[in-house]
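Take a look at this one chain, the form predicted on its own, written out in C-alpha cells.
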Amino acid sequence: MSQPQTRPYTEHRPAYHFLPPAGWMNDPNGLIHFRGEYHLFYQHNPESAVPRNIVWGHAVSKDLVHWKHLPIALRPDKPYDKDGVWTGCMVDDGGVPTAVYTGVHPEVQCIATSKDMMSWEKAPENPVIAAPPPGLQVTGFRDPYVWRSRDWWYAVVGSGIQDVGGTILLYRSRDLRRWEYLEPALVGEKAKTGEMWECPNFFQLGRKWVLWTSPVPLGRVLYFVGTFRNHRFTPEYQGEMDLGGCFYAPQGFRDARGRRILFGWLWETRPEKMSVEAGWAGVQSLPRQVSLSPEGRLLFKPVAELSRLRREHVNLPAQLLRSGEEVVVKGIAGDCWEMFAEIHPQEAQKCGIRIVHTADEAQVTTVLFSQANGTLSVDRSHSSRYEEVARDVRSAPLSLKDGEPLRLRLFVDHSVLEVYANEHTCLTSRIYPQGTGGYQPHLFAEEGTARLMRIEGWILDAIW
C-alpha cells in the first residue's frame, strides 16, 4: 500500500514502523494472535492528526512485520461510549473474539464481540462495569486488561486513589458480563509512582507475575515483577521499560508460539501544527519480545521476524577505536536501517554512535555510553534545525559487568530511533531533521581506547 507523499514533512514519515494511512494514532489496543493472524487495534482519529473523536483502528498481519489496513472496528455510537471508545484488550472467549474497552464519558467498561474479526456487536449488557467501586475516591477508571484462570475471567482496571497513588482494581467474572469487584491488587505511592495508572498489563511470566503501567503524570512506563497470591500483587523488582521520552502505553499479548510480545505508542515530539500539516501523528514501536532475566528484570528484543526486512548487509572487521577517532560505516546510509555494534569500552570513558544527517552534518543525534557515569543516553540537542521540535538528552542507567561488552542494536526509520542495549535497556526517540538525505552511523570513543568487536548493518525495506 502506497503512503501519502503530497504533504510537508514527508521525510519524517516512518516506512517500517506501523502507522495508519492518515490521522492520529495513540495506544495499541486489543492485540491478539487469532487463527494464525496477528491483529493490531489502536486508538485512532482518521479525520485529523489530533487526539479527538477516538475510534478503534484495525490492521492484520501474518508475520508481525507486513500489515494490511482493515476497516474501523469500534466507533463511539452508544450513550455509554459517545465521547470515545478508549483503550482496552482482546480475549478469545471459546472461539469468540471479545474486545473489552473503556467507554467515555463517564469512564465505564464495555465489551464487543465478533464472528469474523471485521464486524463488531456491542453487548446489550453494556456497560458491564458501570462505575468505580463505591467508597473509593478514584482519579481515573479505564484501560481494562483481562485474562483467564481456570473457570474465572479476571480483569485489572487502571485507576488511582485520591491523595494516595496509582492502583490497579481487580475484578472477576464467569462470563465477561457480570463482574465482581475484589480489591486493589496493588497501590502505589503518589510521590514515587504517580497519581493514576493508565494502560496496565498484568500477566504471569515464568514463575513470576509482571505488571507494567503508564503513570499519570510521569509520562513513562514502569514495570514491577513479583508474586500474586490471594488477590494481592507483591513487587520484588521495579524497573523502567524505556527512558527515551517517546514510548508510552504498551500492550502485550501471548502468541501461538508462547512468546510475550508488546507494541508501544511512540508519540510525536514536534508541535501539533507540524503534525496537522503532515497529516499524521503517532507511530507504533517495533514489536518487542519480552522475557525475564535470572535477576528478575525484564528483557526486551525486537522479534526475529524483523530480519525479513533486511537487504544490503555490511560487516566491518574488529578494530581498535582510539580517543577522538571515528569509524564511518559507509555501507549504511539512508532513512531506513538497522545496526548492531559490540564494543568493549576498555579504558575509554565514553563511546557510542553518532547518527549524522548525510546532507547536513550539523544535524546529528548521539547515542552515548558513559562508563564513568554508568549511563546510556540519546542526545537530540543537535538533531534538527527546526527550533520548535524537542531537542534534549535522555539517559538510562547502564553499567557493564567485568568483561561484559556493550551491545547496541539501533533501528533508524525516518523520524524514529529505537536503541536496545544488552537486551535490558531501551531508549526510543523521535528525531526530525530538516531536509532530505537520510543518516549515516559514525562510531567513536573519547578519553581512552575502545575495541570494536563486531559491527553489522542492514538497509531495511518498507513494510508497505
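A residue's number is simply how far along the shown sequence it sits, counting from 1. In this text, all values refer to a predicted model and were calculated from it rather than measured experimentally.
One more form of this protein should be noted, the form predicted in complex with a small molecule, which is absent from this view; the next part is about it.
Visitor: Can you tell me which of 111-119, 79-87, 167-175, 130-138 lies within 4.5 Å of the small molecule in the predicted complex, counting heavy atoms only?
Guide: Stretch 79-87 is the one.
Visitor: Please check if residue 43 has a heavy atom lying within 4.5 Å of any heavy atom of the small molecule in the predicted complex.
Guide: Contact check for residue 43: yes, within 4.5 Å of the small molecule in the predicted complex.
Visitor: Check whether residue 418 has any heavy atom within 4.5 Å of a heavy atom of the small molecule in the predicted complex, and answer yes or no.
Guide: No, residue 418 sits far enough from the small molecule in the predicted complex that none of its heavy atoms falls within 4.5 Å.
Visitor: When the contact criterion is heavy atoms within 4.5 Å, does residue 99 count as touching the small molecule in the predicted complex?
Guide: Residue 99 lies outside the contact set for the small molecule.
Visitor: Looking at the partner-bound form in the predicted complex, is residue 27 within 4.5 Å of the small molecule by any heavy atom?
Guide: Yes, residue 27 sits close enough to the small molecule in the predicted complex that at least one of its heavy atoms falls within 4.5 Å.
Visitor: Give me the residue from 199, 341, 91, 262 that has a heavy atom within 4.5 Å of the small molecule in the predicted complex.
Guide: None of the other options qualify; the answer is 199.
Visitor: Consider the chain as shown here, without its partner, and state which of 270, 142, 357, 380 has a heavy atom within 4.5 Å of the small molecule in the predicted complex.
Guide: Looking at the other structure, the residue within range turns out to be 142.
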